[in-house]
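We begin with a single chain expressed as structure tokens, specifically the form predicted on its own.
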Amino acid sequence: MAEYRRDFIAFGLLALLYLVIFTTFGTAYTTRMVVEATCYALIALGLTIQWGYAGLFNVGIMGLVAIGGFATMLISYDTNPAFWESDGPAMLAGVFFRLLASIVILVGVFNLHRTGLSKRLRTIIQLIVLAACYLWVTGALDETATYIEREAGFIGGLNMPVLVGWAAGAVVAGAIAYVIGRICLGLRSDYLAIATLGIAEIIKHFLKNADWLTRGTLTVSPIEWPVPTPNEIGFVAARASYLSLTAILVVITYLLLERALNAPWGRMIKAIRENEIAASAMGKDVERRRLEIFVFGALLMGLGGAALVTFARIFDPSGFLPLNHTFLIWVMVILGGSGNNRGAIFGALFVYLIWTLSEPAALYLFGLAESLGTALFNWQAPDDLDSRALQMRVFVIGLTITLVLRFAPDGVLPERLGQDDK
């Protein structure tokens, strides 16, 4: 038990801190904060798989979270009769047929090396066919999108159970990660970061501008909950029910990851992280394992994004920000301890607490300074103290991670190396 003493102390102090918040701000506020923190914990576990286990520098977390939220909205939101009664479904089917046909054609074209053609000629043919397929698909998609927006507004959802939407969010995020991984995982870590960042922005801007699919900036709401809503059983009970569901997901995910990490598969992944060349020399399929770990991490990011969007009950593509849904996740993993599943959970709970409470704490301190300044020095406070308090979030998070890196460079709960790792 001595080896877990640091874990007990860290989580004990965190529980005490949440107890103080509970007594100060009340049950409803604290429960909401913990629910959102557990959703972020799922995402942080996904990142600790990618970065902590395999050393994959993914800066496209925002895109995977957005995809997870979009998929659960598409699956669980109410159907739009105006869309299904129009020619929109048939036109969309035509677009998908063109897309599938283009994929088949491109697969054939990118295997022209088997024909013996010169590399220069193959490249010319591939570029021409790629451009032609792009124009063929986007031309039909533009026409279909214009029709749907004019006749129905947007396509609506499929009105299926919310938990099916969560599963779909995880699967779609994993599928997107598979495509990204096949293209980008051969890149060096800094280039991988640039590529994933760019892809995340592409995903966000597509969702934001595809009014026929997501209503764009008009948003989609209300999204149903997998548990009774506040209108049915009250805020506290509903949020407690939602918290029970997300907490169960975090615990199950943690147990499965611990089992995988302590199995031969986990030791192999860490061996690849520590010395890729040596692992390859031992006959390990490095590229395949890296792709596996990238997809597994993305599954959790999509699931966390789905749970987060569902809890908010609104899908807003503009609400996905690199600061909130990429940088903050990295802070959670680094502060908690990279490569340690308990560290990822601790980091998510602790960092989100700081992120949430820094604004009211700053407002309180600013108000106190304003009162003292006015009484003692007749000081006139600026009119934008509220917005300045909101910006204090970034300062407080930056200060927190600076202090942690200074005094605990491996995180509060660093990765525990086994005897084989030493």
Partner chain sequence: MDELIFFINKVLINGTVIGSIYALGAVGVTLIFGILRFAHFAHGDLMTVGAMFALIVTALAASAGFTAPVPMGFIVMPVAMAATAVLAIGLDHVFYKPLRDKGTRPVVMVMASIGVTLMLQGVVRLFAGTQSRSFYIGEQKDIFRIAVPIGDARRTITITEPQILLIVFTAIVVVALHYFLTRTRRGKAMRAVSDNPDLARVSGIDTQMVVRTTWIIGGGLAAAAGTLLSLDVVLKPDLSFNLLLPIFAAAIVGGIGQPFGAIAGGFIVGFAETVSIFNWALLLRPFRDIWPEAIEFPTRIAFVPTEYKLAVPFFILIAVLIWRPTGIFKGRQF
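Positions refer to the first chain, counted from 1. Predicted, not measured: the structure shown is a model, and the values here were computed from it. Basically, rigid core = biggest C-alpha set you can superpose within 1.5 Å across the two forms.
Although it is not shown, the form predicted in complex with the partner chain is what the next lines describe.
Out of the listed residues 219, 86, 209, 241, 209 is the one that sits within 4.5 Å of the partner chain in the predicted bound form by at least one heavy atom. Scanning 263, 107, 252, 323 against the partner chain in the predicted bound form with a 4.5 Å heavy atom cut-off leaves one residue, 323. Stretch 128 to 136 is the answer when you ask which of 223 to 231, 128 to 136, 243 to 251, 69 to 77 has residues with heavy atoms within 4.5 Å of the partner chain in the predicted bound form. Although the partner is absent here, residue 94 lies well away from the partner chain in the predicted bound form, with no heavy atom inside 4.5 Å. At least one heavy atom of residue 189 is located within 4.5 Å of the partner chain in the predicted bound form. The partner chain in the predicted bound form is not approached by residue 354, whose heavy atoms all lie more than 4.5 angstroms from it.
Among residues of the shown chain, residue 401 is one whose heavy atoms approach the partner chain to within 4.5 Å in the predicted bound form. Contacts between 43 to 57 and the partner chain, taken as any heavy atom within 4.5 Å in the predicted bound form, involve 51, 55, 57.
The rigid-core alignment places the CA of residue 110 2 Å or more apart between the shown form and the other one.
With the core held fixed between the shown form and the other one, residue 12 has its Cα displaced by under 2 Å. After superposing the rigid core, the Cα of residue 24 is displaced by less than 2 Å between the shown form and the other one. The distance between the CA atoms of residue 405 and residue 290 is at least 3 Å shorter in the predicted bound form than in the form shown here. Whereas the shown form places them at one spacing, the Cα atoms of residue 405 and residue 10 lie at least 3 Å farther apart in the predicted bound form.
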